[in-house]
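There is one chain below, alone, in structure tokens, taken in the form predicted on its own.
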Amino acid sequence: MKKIAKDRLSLLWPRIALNYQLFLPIAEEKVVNFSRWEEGAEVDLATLKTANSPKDIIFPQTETYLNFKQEGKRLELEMAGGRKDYLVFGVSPCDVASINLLDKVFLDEPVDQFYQEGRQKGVIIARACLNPAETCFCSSFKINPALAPAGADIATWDLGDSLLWEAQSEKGKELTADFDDLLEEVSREEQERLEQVKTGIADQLKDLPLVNLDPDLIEGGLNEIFASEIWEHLYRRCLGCAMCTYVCPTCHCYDLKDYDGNKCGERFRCWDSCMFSDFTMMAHGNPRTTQKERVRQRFMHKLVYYPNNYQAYACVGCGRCTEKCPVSLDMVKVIKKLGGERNEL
């Protein structure tokens, strides 16, 4: 294990940016989000979590597949691609876990080659959460905020004047070697402090209001949950704004569109949402014609369909939906309703 003094981070950023597109939690107008680092940017590694997850770096909101151009009767096609190497520094454990969930979707057969290229070009550096928020419930999904889940190339912990640094993959080891002149060895006292920090985080988790939320207590099988009366009551609050799907780090639905510029154009994909009335529009119409069906689809996917396929819930308990939904129709409320009295907190 290594460490880097915080006053040397200003030397680290430009070194990384020489070979990677560097993304960091950056404060702009009092909002912290992952943004491309530039000299003079206000880096914020203290804020618990960014307003949005780094999902749009891994899985861009819009991504061009194909460019086409017409010259007379000749049509020229050119495949897009060629992402540059990038590094995301300061990813929280829940967001690292969400990337692993996206991997299950896009890297399972048939492999999504654009996503695969993006993952191969990327380096993920995680940071432990020192003070989980009241809206956090990552422990409900077996995520430890004091540790970086498998999937992070390097894990870091804030010890005040320095960041402890531990490589977790071959990429992480290579990067650590590249910056060895900025890193120092960790003393035994600092390792003991790290254990105290981890213990302190575990103690904080016990006091969070959502600590007893447990998706494993959801009652009934697929058909029973699908037919449950709770959807009739829950959906009436939904505005169909899709805020929940866009801030969610695990939502991955997209649409394919063509832009026609007369003699040239492109085919691209862009994020979509199951909360929209035209989602999965087909020749005969939308198979989910009511907001009730759309609300049910979103939560059934997270809590039933995805687990049936991948043996994991499609939620990481980041709490963004509980913070952003304007009508408080969020994952916590649905898990509590589906779990009956056993999930009443």
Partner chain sequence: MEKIREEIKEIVRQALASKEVDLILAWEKGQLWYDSYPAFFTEEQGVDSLVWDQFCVNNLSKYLLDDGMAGQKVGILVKGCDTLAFNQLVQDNRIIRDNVVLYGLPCSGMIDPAKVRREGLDRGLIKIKKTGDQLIFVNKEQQIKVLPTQVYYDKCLTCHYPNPVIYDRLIGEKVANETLATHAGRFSAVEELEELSTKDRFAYWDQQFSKCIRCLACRNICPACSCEQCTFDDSELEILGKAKENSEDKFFHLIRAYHVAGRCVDCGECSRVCPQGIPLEKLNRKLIKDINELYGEYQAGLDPSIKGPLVTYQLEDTDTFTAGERGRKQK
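Numbering follows the first chain given and starts at 1. The structure presented is a predicted model; accordingly, all values stated were derived computationally and were not measured.
There is another form of the same protein, the form predicted together with the partner chain; it is not shown, and what comes next is about it.
Contact with the partner chain in the predicted complex, judged by any heavy atom within 4.5 Å, is made by just one of C251, A155, L210, L87: L210. Out of the listed residues N100, Q120, Q196, N131, N131 is the one that sits within 4.5 Å of the partner chain in the predicted complex by at least one heavy atom.
The partner chain is not drawn, but in the predicted complex it has no heavy atom within 4.5 Å of F226. Among residues of the shown chain, F276 is one whose heavy atoms approach the partner chain to within 4.5 Å in the predicted complex. Within 4.5 Å of some heavy atom of the partner chain in the predicted complex lies at least one heavy atom of T135. In the predicted complex, at least one heavy atom of F268 sits within 4.5 Å of a heavy atom of the partner chain. Not one of K104, L147 and M300 is positioned with any heavy atom within 4.5 Å of the partner chain in the predicted complex. Annotated contact segment (heavy atom within 4.5 Å of the partner chain in the predicted complex): 24 to 32, selected among 305 to 313, 292 to 300, 37 to 45, 24 to 32. In the predicted complex, the partner chain lies beyond 4.5 angstroms of every heavy atom of every residue of 108 to 125.
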